[in-house]
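Next up: just one chain, as structure tokens, the form predicted on its own.
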Amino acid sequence: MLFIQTIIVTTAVFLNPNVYDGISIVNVQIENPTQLLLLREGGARSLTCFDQAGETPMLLDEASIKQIKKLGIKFNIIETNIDERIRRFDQLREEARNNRLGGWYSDYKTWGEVNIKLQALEDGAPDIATTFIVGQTHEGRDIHGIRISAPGNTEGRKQVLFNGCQHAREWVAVMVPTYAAEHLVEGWSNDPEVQTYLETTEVIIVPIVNPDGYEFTYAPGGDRYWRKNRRNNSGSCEGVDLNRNWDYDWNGGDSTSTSTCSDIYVGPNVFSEPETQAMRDLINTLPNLVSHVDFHSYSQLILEPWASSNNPPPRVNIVKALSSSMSEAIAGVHGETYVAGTGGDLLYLADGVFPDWTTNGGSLSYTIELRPTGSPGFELPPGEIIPTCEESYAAVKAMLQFVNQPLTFSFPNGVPQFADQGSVVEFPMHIESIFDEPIDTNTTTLHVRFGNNGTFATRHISQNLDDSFTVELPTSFCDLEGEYWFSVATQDGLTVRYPAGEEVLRVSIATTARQWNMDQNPNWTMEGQWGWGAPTGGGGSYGNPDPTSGATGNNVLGYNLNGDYQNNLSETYLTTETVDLSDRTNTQLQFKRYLNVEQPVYDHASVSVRAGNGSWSTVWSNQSTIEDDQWQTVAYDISSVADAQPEVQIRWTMGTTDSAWTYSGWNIDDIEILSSGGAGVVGDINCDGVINVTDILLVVGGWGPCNNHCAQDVIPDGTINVLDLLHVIGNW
């Protein structure tokens, strides 16, 4: 209790704007929600959007630091002179403005500057862009928005909402939606993809939901780290956290507070704030709102609903398919990883947040936490504004593409990259309607061909009893890469293709470069408690215990074959011998996995690859808690590092781990490095590398129905006929 009282007494300085004497930025090692609650109740100010586990930067004074030492909470001080930190950041901003690299986006912009920008967008394209006032704030500022859609009657169009800056200090979350608005307006004249979206969709963008708080972070005598709005709470502690004021599990106790001095103060009642009231009233005028993104910073996350519970949201497969699409779109721009998952998976729960309210209203809604992943936090250098905007705009377009298709396809086990020659690969597929449009399951079709030219065969895909589909994908008998895609029609007659456009999926014929089945000890480099042998079924303090045998045979490679991994574990490695892949292309690592590990804010497991003495490249790491209760086959593309390299090594890592929960860790069996087979020749039936009369005679000799899969079925539709014969002749 002494700890709480001490912090309450000493944190009044936090409320004195721009007076940071004696205050440090401290990375506090949060290990459980109880510690976080204790710190919050003591008045510590977190410098993250979502308070989280792991290292969480906080503003603390000397007395508070002494108290967390007494409680045994780990920490490290990362900044003692906050005023100097802010001065350095302001200098970067001034240099960026003077250099003008990035134009308008060379530096962060105030509320007034953003409003001028929105008005300029309308003035330049009044046929598609209309600015409007959402409402007013406590201090009488206007909340500005812009509507963007193709000319004409918008009444029946889908509506998508993007907003930023519920939290005042998150400056890059203002720049991103403004950038999206500008590029959607520009795209109407020069981007056919955007033109298509705007003909069917009305996009509503509100860059600054919290103008009062945002201006306070810039103002002389203001506070750069101010989070809330500027409600007068009739005392020394002003403001309400707008993203805890929404009417969904309001004041539920998860990342909330009823203390006016708290940065997560929920307000006197639900929708007490004019800013949340204005956004609520706006949304109530959007009868066709189908999706929503609330931009924040920082952490590089795409947070799915629910924020307030670990319950699955409505249309969970669709929610995850869209978050995956946005994450992939972001990664495709600058290679940045934005991990997708729920707040419960990746952070802590939070109640009364905006996207939960819009999710409850029926839209596909997300929080996107922008750059960076950690330090420098809210002081994201101006040079990173444009890259952050560019990758975020890719996510915006991914959302618009997603909601403008009636169906979504998902593959629980992924799609195959490799297959055995002449095999039929089975894998599950789900097709779901995004907007409750009935699917004509009789039209579900696989389109497949061998090689990269010629006719695609069509094969019907039957629905299973559980509404899933099992794809039966035939592969080439002669080392040809397969290309395939799917189609299905709605009952209204609209045909949907996956992948969209003219993209195809590909499957290569696998050859094994190296394999290890663990019947014998490979005698690789093993650190710490990595070992070879029979697992004992031990461990499982959390998650599941180790298996009692390998996936095949008795033995595995694993971390602590007798139980759980340790607390406070450093990165500890299992490293293979050097493998020669100099004559291999399209390489892939495949192995059987039985893994239990806590979510990555606490504990870590990963797989890496390197060539020669180069740096290790991570090909996989746990993005959430993993609790395997049976052996899983996993495969990872290592071609960018390993192809045509004479000295390749693979490394499995256990750690780092925190000082709380322990799991049973890695168990690994049946490791293979696969690569593509030969080039193959389209129409070569007997795989001799040439097409001649022999191949024609083989087709004629097999004329008629093909039982499952036949080499003579060159166009793999299940029947050997004139089409196959003509294909062979055409490739003579």
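Sequential numbering from 1, following the sequence displayed. What you see is a predicted model; the values in this text were computed from it and never measured.
The protein also exists as the form predicted in complex with a small molecule; that form is not presented, and the subsequent description refers to it.
So the small molecule isn't shown here. In the model of the complex, which residue out of Arg230, Arg449, His292, His296 has a non-hydrogen atom within 4.5 Å of it? Checking each option against the small molecule in the model of the complex, the one that comes within 4.5 Å is His296.
Just one of Cys165, Ala307, Val597, Ala181 has a heavy atom within 4.5 angstroms of the small molecule in the model of the complex, so which one? It is Ala307 that has a heavy atom within 4.5 Å of the partner.
Is Leu349 close to the small molecule in the model of the complex, meaning a heavy atom pair under 4.5 Å apart or at it? Because a heavy atom of Leu349 falls inside 4.5 Å of the small molecule in the model of the complex, the answer is yes.
Thr358 within 4.5 Å of the small molecule in the model of the complex, heavy atoms: The answer is no: Thr358 has no heavy atom within 4.5 Å of the small molecule.
Give a yes or no for Pro535: in the model of the complex, does one of its heavy atoms lie within 4.5 Å of a heavy atom belonging to the small molecule? Because no heavy atom of Pro535 falls inside 4.5 Å of the small molecule in the model of the complex, the answer is no.
Considering only heavy atoms, tell me if Leu303 and the small molecule come within 4.5 Å of each other in the model of the complex. Taking the distances in the model of the complex, the answer for Leu303 is yes, it comes within 4.5 Å of the small molecule.
Residue stretch of 649-657, 504-512, 242-250, 149-157 approaching the small molecule in the model of the complex, non-hydrogen atom distance within 4.5 Å: Selected range: 242-250.
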